[in-house]
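Two forms, one chain: they're shown below as structure tokens, one block per form, named structure 1 and structure 2.
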Structure 1
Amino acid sequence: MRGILGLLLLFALLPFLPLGAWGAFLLDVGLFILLFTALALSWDLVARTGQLSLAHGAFFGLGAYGAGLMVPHLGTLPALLLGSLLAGAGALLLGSVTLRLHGLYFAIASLAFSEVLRTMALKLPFTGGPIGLPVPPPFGGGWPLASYYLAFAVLLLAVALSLWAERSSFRLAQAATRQSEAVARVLGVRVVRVKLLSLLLGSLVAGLAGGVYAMKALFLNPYEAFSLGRAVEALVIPIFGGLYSTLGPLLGGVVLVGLEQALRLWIQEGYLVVYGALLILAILFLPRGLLGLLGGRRG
């Protein structure tokens, strides 16, 4: 818990630290760490039921487009809320149809869901189609740190939900569902309801992250908003940091997103080669993620 509080305090105070000439760049990196770590925590919340979701890119995109379309008419906070609810509605639709599927079958169905939404965003006229959609900055651009602290608020919500699921009786229901759905049903766990609630909570956070991202980027296109890479990033960060925990995705997000931005700056064109090689080495030699490494050192 101290590690979680320490990281949150660091991000809360980051804009006020003496960052020098790198201040603007480091704040942008910090904002992306906040958003993608929140997305990773939302994916981990679903993974605790044993489901491999590739739909978090879709939830991210729904939140981004929902907020981007509504912010000129309703303002920043109502638009973010509506974007999040749109992502939640998408999760309920997906879950009601597919959550009786298991493992790889659910992963394929969730990936198909993402592709359908991306195709719709390309074809519908009000989304801007392949040309894209301009998005106003939060609060009309009057507060330079608005995007950063909105991203921080999304991370706080993701951490709160993760800790609740980790420390309440809901953790037992998720663990039983993950280990064996048949046994969980015998024990009285409503398996489909547990999986659907986990997917819904994860999608709401992912939608909020997408909405803040849209207001930071100031422009959306379907290839970026509904990118498969976004779903993969949401999956890789918890695996790298440590699954089924709150601290694991937090550590994974700080290290991986920070490393990606640093490599993008130093190596530019070939940064993905180095980034991919480091991920392969981490998966091979850190099967339990950073939390496993830290636990081993403590032992």
Structure 2
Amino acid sequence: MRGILGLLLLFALLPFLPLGAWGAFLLDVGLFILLFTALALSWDLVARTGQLSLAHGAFFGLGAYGAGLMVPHLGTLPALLLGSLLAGAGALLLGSVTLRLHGLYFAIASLAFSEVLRTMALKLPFTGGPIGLPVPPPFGGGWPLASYYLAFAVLLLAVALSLWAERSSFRLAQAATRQSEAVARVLGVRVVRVKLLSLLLGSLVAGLAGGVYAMKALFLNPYEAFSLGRAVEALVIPIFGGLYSTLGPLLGGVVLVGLEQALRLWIQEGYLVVYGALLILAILFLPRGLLGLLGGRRG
């Protein structure tokens, strides 16, 4: 808990730290850490029910495009909300069909879901297609730190949700569902409902993160917004940091997104090699992630 508060305090104060010439670059890195860590926490929320979601890139993209299309008409906050709801609607559609089935159907369908949404973003008449979609900055660009603090708010929400799920009886329902659905059913857990609620909450946060990303990037194209790379980041961060916890994805996000931003200075394409390798190594040798290495308690 102290670790979480410390990290959050650091992020809250980052714009005011005396960083000199590196300040602007570090602030950008910080913003991406905030967004992708929130995305990672929202993935972890789904993983706690034992479901492998490969659709978090799609939820992120839905949020980004939803917010990006609505900002000029509705203003910043309602547009973010609508983008998030759009991601939630996608999650309900995907989840209602697949979550009743064996877990691997969900993993496969979520992967196909994100591929098709990218094709749709390319083909639909109002998305700008492969050329892309320009997005105005938040609040008309009047306040330079707006996107940073919006990202911070998204992370706060993700942390709050994760802590709630960790401390309430919902955690027991999630853990029971993950460990054995049959046993969970016998214990009176409404398995499908728990899985669907976790997916819905996760997708809402992922959609918010996508919306803020759109307002920071100022430009969306289907390959960026719906990239499989986003789903990969969303899942490697919690696995590397420590699954089924709040501090794990936070730690993993700071280390990995920071590393990625540094690596991108040298490698343009193919930096995902690092993520693939880390994923394999973490599964084989570090199943409890960085937290396990630090001797943390498992949630």
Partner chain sequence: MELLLQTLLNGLLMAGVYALVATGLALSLGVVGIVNFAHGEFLMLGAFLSYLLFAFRGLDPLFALGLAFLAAFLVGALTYWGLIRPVLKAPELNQMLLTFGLSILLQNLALLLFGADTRVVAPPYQAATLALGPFFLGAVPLGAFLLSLALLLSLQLFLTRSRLGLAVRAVAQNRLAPGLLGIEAEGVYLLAFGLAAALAGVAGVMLSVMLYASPSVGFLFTLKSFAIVALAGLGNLKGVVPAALVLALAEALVSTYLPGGGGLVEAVFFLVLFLALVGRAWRGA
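Here the rigid core means the biggest group of C-alpha atoms that line up within 1.5 Å when the two forms are laid on top of each other. Residue numbering: sequential along structure 1, first residue numbered 1. Treat the numbers as computed from the prediction; the structure is a model and nothing was measured.
Each structure shows the same chain on its own, and structure 2 is the form predicted in complex with its partner chain. The Cα position of residue 14 differs by less than 2 Å between structures 1 and 2 after fitting on the rigid core. With the core held fixed, the Cα of residue 101 is displaced between structures 1 and 2 by 2 Å or more. In the core-superposed comparison between structures 1 and 2, the CA atom of residue 278 travels 5.8 Å.
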